[in-house]
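Shown next as structure tokens: one chain only, the form predicted alone.
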């Protein structure tokens, strides 16, 4: 697997900072990450690709997985299984989001997740990915794939 420049940079940063350590867990995984004055607009955002990310077609989930593990470099911080245990995420405080947390998925709209991919989260390691790393269409496919980490 070929690393993107961003992925390589993140791995090098982890190694320079002192090797792989355990990331600090999220202090409050359900706390809103979208600023209050932008929450209403974020919740209204929806994908033009499918009605609900939890019902995305299998082909789009496959594309979302490829983006998560490739171009989007999400797995570097969030881990292959989405548990927030990726190599690059080990240096972050708070630690990366645990997408296997079903409570998180029950409380967050697709629009909120899209807003985070587009704007990042201040005070965390989550940087804006859209449109510099992934397109808006690719972001929606990645969000659909993130939803598959909840196994309930």
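Residue numbers count along the first chain shown, from 1. The structure displayed is predicted, hence computed values, not measured ones.
FYI, the form predicted together with a small molecule isn't displayed, but the following is about it.
> So which of 119, 47, 101, 124 gets a non-hydrogen atom within 4.5 Å of the small molecule in the predicted bound form?
Replying inline: Selected option: 124.
> Taking 54, 61 and 111 as a possible spot, do all three reach the small molecule in the predicted bound form with a heavy atom inside 4.5 Å?
Replying inline: No, none of the three is in contact.
> Taking the shortest heavy atom distance, is residue 72 within 4.5 Å of the small molecule in the predicted bound form?
Replying inline: Contact check for residue 72: yes, within 4.5 Å of the small molecule in the predicted bound form.
> Given that the partner is absent here, does residue 33 sit within 4.5 Å of the small molecule in the predicted bound form, heavy atoms only?
Replying inline: Yes.
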